[in-house]
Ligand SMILES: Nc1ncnc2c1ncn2[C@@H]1O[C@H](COP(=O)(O)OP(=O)(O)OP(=O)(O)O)[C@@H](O)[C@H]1O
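A lone chain, given as structure tokens: the form predicted alone.
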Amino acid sequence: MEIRQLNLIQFRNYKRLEVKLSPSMNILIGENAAGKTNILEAIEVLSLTKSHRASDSSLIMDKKNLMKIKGTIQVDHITRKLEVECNLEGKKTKINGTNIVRIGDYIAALNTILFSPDDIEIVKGSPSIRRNLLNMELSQISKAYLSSYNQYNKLLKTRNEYLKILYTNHIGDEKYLSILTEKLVEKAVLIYQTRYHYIQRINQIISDVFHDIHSPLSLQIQYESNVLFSSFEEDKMKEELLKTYQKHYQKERNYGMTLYGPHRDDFTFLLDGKDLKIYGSQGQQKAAILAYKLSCIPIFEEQTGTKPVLLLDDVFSELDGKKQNKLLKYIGKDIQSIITTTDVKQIRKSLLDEATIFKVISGTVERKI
């Protein structure tokens, strides 16, 4: 999978931009605030229809009323044209000029993996950040997961509302709550299983990646659920999850919300068996997140048959020259990567010769020959 061409219209600081990208390594060089990150953000929006940095309206250039992102994508010799348009009233997505109404039909047209300085919050931040990360990645590689996750959230909202009714009014049909719970459990099991197997697969890869780009320490991900399952076999999970809701019925009724389920999941980074959030340096934390993101690449390829586009924002900022070169050598030419940096002074010439270099200056992007 690769982006052949990117067009921006009134996006952030770009009034109009057309960039033709290399199918392998692309490096965007420029000063801070020149607009390098905005290009990666545009690709993120083209892929996922939203930015992790800001609301839709803030993506529109100042004093304008709409923005457009267009991308020409090639997957297995098939070319597609993607488009995301935002105005002050809403958002539209198109594939090959056809409006796509359901987001689920658009997601996965372009698969991306993004590393940014904000990713330090994956280690340091709240569990919701880590859940959102899993949801974003799994939604790109599994339509079944995306569908179940969306349905789960709708059922969760309805169940929470009904628990509040039971708490405040002390009246209500408990049979209706039982039906909601059974439906919720059905969707929850698929979410649990998909997340569990995904993290298991990452754990088969991540330590080797961490060794290659940083240091010879053991890195693993520990999946944490507030429901203890004896196994991840479907029928057993349904049985144990239903028992959990029955056991804690009064507690959930008193709180007026669903206290157990995948919406309370979390995971922890363990470096040589120790919690990275507590015992790791910031450099180790960033390297662990980068190793995690790079570990996702072969999983995406296994599930979709093609590699995602790799987006690395300011990835060199806390790496010495040796680690910068190790990282670029690890990424190689077999995946399209788009990397932003303020300079490439410590990068070996042999690696730079294999990359396409762009200079970014205040809303303009020029390819260096």
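Note that residue numbering follows the sequence shown and begins at 1. Values in this document were obtained by computation on a predicted structure and should not be read as measured data.
The next section is about a form of this same protein that is not shown, the form predicted in complex with the ligand.
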Sort through 299-307, 43-51, 328-336, 60-68 and report the only stretch with a non-hydrogen atom within 4.5 Å of the ligand in the predicted complex. 60-68
Taking 4.5 angstroms as the cut-off for heavy atoms, does residue 22 touch the ligand in the predicted complex? no
I'd like to check something about residue 55: if you look in the predicted complex, is any of its heavy atoms closer than or equal to 4.5 Å to a heavy atom of the ligand? no
Is residue 34 close enough to the ligand in the predicted complex to count, meaning some heavy atom within 4.5 Å? yes
Would you please decide whether residue 13 lies within 4.5 angstroms of the ligand in the predicted complex, comparing each non-hydrogen atom pair? yes
